[in-house]
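In the form predicted alone, a lone chain appears below as structure tokens.
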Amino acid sequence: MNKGKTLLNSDSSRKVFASLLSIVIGLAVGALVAAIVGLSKDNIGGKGIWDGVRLIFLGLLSTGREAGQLTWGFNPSSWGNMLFRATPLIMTGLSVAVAFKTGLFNIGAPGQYLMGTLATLFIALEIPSEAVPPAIIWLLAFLGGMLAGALWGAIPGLLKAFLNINEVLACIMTNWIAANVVTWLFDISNLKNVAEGTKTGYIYKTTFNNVATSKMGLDKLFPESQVNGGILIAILIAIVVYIIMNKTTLGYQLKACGANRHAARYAGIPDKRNIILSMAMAGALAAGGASLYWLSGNTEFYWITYQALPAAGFNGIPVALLALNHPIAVVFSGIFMAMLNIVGQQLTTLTAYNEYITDVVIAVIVYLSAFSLVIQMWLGKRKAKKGGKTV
């Protein structure tokens, strides 16, 4: 009988600890980089280094500067903006996590995100709100965006299932096809913002048609921020994904195909169908992130997308890695990544640093998350050497 049981004895506890360790080391490396940069620049100095280090760890609690000193407390604007920016990250993180669970690497989230953007904005802006209630238009735009993403995500799934083409290669190709298709269709559309002469490269905000996500009371908690009910919808979807993947026959079949496609087929599980379905689900989730982001009503889409794929699609990868592909954990890792984005802004506005230090933090966390299995094995061996397993 094991009498020396601790928090690190169970596999799940070691996974959580590995992720937390990745975060702590990433923040520590970010602080070290801030110190090195500060020492190399005359305009930062010792006080500037100390301010930068504090912001890396506690930037979300900063309320600005007063008499040259950083002030601290609850900043509702920063917290609300963090939740707003976390919404698409949670959805793209779920997209990558679902594919990972079924043995697939969905690097096509940026393209799926773009197709969701296309369908969402066309529906939200083309259906006149004078004839159809805005709430109905919102629902149609959200579901239409997810459907567009599902269809686009199914393409790499079909190529993988029937032609055994690597999904990574297929996703990369569909990403750039989506970027150019979306650019072309918006270029020939009448959705470009011609009301403001300097913004013809942008698509109208959905509020142009009186369509926007309800605040659901969050604007009272986080005034002067962009937050809306989209974050609550994303959390609800994460719970639904968790139930599907862990409590249903479909989820069992999807994970069985991911563990061993050939064994699953031998057991009577339709592997081809499940590969296609997995990528379609992943595409719907990534596109849902785009829908929630653009339906907020306070964001403008820059339609010349071929210049760069949306970062939200790629950022879903570190979100899923940090969460170890657990749907509920994706919510927290998405919020954490959004927090780093806010910290980057704080560094830019309140110190002589720039926001790219937070990119270093994210990069370190991603690398360590990718090696989380190694960290877990190290923790297990360390526990065994200390005689944690006693009878």
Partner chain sequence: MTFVVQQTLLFAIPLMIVALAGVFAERSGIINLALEGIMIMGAFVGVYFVRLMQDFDVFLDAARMGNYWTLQGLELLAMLVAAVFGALFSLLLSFAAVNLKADQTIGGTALNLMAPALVLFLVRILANQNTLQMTQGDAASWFMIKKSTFGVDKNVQWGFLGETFLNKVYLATYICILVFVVLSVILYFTKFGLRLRACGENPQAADSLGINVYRMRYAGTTISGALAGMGGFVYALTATNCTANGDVAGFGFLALAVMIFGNWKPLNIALGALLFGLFKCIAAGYGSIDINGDGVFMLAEIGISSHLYRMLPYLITLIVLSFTSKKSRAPKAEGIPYDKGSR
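Numbering follows the first chain given and starts at 1. In this text, all values refer to a predicted model and were calculated from it rather than measured experimentally.
What follows is about the form predicted in complex with the partner chain, which we do not show.
A.B. asks: With the cut-off set at 4.5 Å between non-hydrogen atoms, does Ile107 touch the partner chain in the predicted complex?
C.D. replies: Residue-level check for Ile107: yes, a contact with the partner chain.
A.B. asks: Using a 4.5 Å heavy atom cut-off, state whether Asp187 contacts the partner chain in the predicted complex.
C.D. replies: Because a heavy atom of Asp187 falls inside 4.5 Å of the partner chain in the predicted complex, the answer is yes.
A.B. asks: Would Gln69 count as touching the partner chain in the predicted complex under a 4.5 Å heavy atom rule?
C.D. replies: Although the partner chain is absent here, Gln69 would stay clear of it in the predicted complex, with no heavy atoms inside 4.5 Å.
A.B. asks: Hey, in the predicted complex, does Leu350 get a heavy atom within 4.5 angstroms of the partner chain?
C.D. replies: Result no; Leu350 lies far from the partner chain in the predicted complex.
A.B. asks: Quick one: Pro76, Ser78 and Asn210 and the partner chain in the predicted complex, is every residue within 4.5 Å by at least one heavy atom?
C.D. replies: Not a single residue of the candidate spot has a heavy atom within 4.5 Å of the partner chain in the predicted complex.
A.B. asks: Counting only heavy atoms and a 4.5 Å cutoff, which of 245 to 253, 108 to 116, 292 to 300, 169 to 177 contacts the partner chain in the predicted complex?
C.D. replies: Careful reading of the contacts points to 169 to 177.
A.B. asks: In the predicted complex, which of the listed residues (Val241, Ala312, Leu159, Leu125) lies with a heavy atom within 4.5 Å of the partner chain?
C.D. replies: The option sitting close enough to the partner is Leu159.
A.B. asks: Which listed residue (Val33, Leu61, Ile328, Val53) meets the criterion of a heavy atom within 4.5 Å of the partner chain in the predicted complex?
C.D. replies: Spelling it out, the residue with a heavy atom inside the cut-off is Val33.
A.B. asks: Mind listing which residues of 18 to 47 have a heavy atom within 4.5 Å of the partner chain in the predicted complex?
C.D. replies: The stretch touches the partner through Val33, Val37, Lys41.
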